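Below you'll find only one chain, the form predicted alone, shown as structure tokens.
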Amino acid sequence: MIKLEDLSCGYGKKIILNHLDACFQENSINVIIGKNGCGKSTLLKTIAGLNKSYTGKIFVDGKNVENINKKQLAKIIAYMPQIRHIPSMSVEEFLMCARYPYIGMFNNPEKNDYIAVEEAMELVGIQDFRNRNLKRLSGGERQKVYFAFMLAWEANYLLLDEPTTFLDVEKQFEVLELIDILKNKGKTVVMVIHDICHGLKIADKIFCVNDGCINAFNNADELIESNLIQDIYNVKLHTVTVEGKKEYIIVK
């Protein structure tokens, strides 16, 4: 479990989020929504240890992150940013980089490292990409590689910042399926997503960031009843049933 206690964070002297308390339970998909610039990405970076401008406490599996060394924390928490550098290397070489917390800088990969990479490729279905250059893949193909990277990392907590950005509709649904795969592998996913309807469809718990605060909801019905979506976005969120499945629509 990741637990935030009285967490305030931002950049430098600018505080964006104030006195947050939240829990992200193990083996669950936690969706963070909110308007652009409200601090969603800042929160992920702070949890990942990439932003040190914070007060309060962050606990991972009951331990304060300040008492966990960087290498050990890297084995526990994996972070996928929204904007990613695309190196010129093969997919297999790139996935082996996910093993860095275990291999180190100057050591050679061992059998278990190759097994982790191979299993990640098989699970995501990118074995045929292994020798292709990452720069020559389509956006959807590359996104699958990034998810394989997260699996090869073998961290228990996965922080995803806008994983469906820049993808067409079909590929967005493929990404949601991949996130389900991560959960089925026992991972805890904390995900920022721009598309509210996609987020509600996959979330076990929903966190809404607004005016520097965070509100937690156990399901979409709770969120709808709160009217918070209408207050924040000036739109209305409705539940509909399509082919026996619950779906969500937003109307002005």
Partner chain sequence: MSKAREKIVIVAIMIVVLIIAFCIGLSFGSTKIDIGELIDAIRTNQKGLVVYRVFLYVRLPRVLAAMFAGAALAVSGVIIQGVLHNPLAGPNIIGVNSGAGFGAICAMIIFPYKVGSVPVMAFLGALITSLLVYLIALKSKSGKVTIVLAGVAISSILSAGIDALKTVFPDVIIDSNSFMIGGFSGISIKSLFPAVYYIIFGLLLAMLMARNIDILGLGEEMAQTLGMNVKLNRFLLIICSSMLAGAAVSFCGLLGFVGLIVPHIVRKYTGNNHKLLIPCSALMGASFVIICDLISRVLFVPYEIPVGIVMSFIGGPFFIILLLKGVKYNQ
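Positions refer to the first chain, counted from 1. Predicted model only: the values in this text are computed from it and were never measured.
There is also a form predicted together with its partner chain; it is not shown, and the following applies to it.
Only one of the listed residues (Met121, Leu160, Val175, Ala98) places a non-hydrogen atom within 4.5 angstroms of its partner chain in the predicted complex, and that residue is Ala98. Residue in contact with its partner chain in the predicted complex (any heavy atom within 4.5 Å), chosen from Val169, Ile181, Ile115, Ile103: Ile103. Contact with its partner chain, judged by heavy atoms within 4.5 Å in the predicted complex, is confined among 29-37, 205-213, 219-227, 66-74 to 66-74.
Site residues Phe24, Gly199 and Tyr248 are none of them in contact with its partner chain in the predicted complex, judged by any heavy atom within 4.5 Å. His85 belongs to the set of residues with a heavy atom inside 4.5 Å of its partner chain in the predicted complex.
The closest heavy atom approach of Glu93 to its partner chain in the predicted complex falls within 4.5 Å.
In the predicted complex, Ser138 stays away from its partner chain, with no heavy atom inside 4.5 Å. Gln127 falls outside the set of residues with a heavy atom inside 4.5 Å of its partner chain in the predicted complex. Looking at 122-144, the residues that come within 4.5 Å of its partner chain in the predicted complex, counting any heavy atom, are Asn131, Arg132, Asn133, Arg136.
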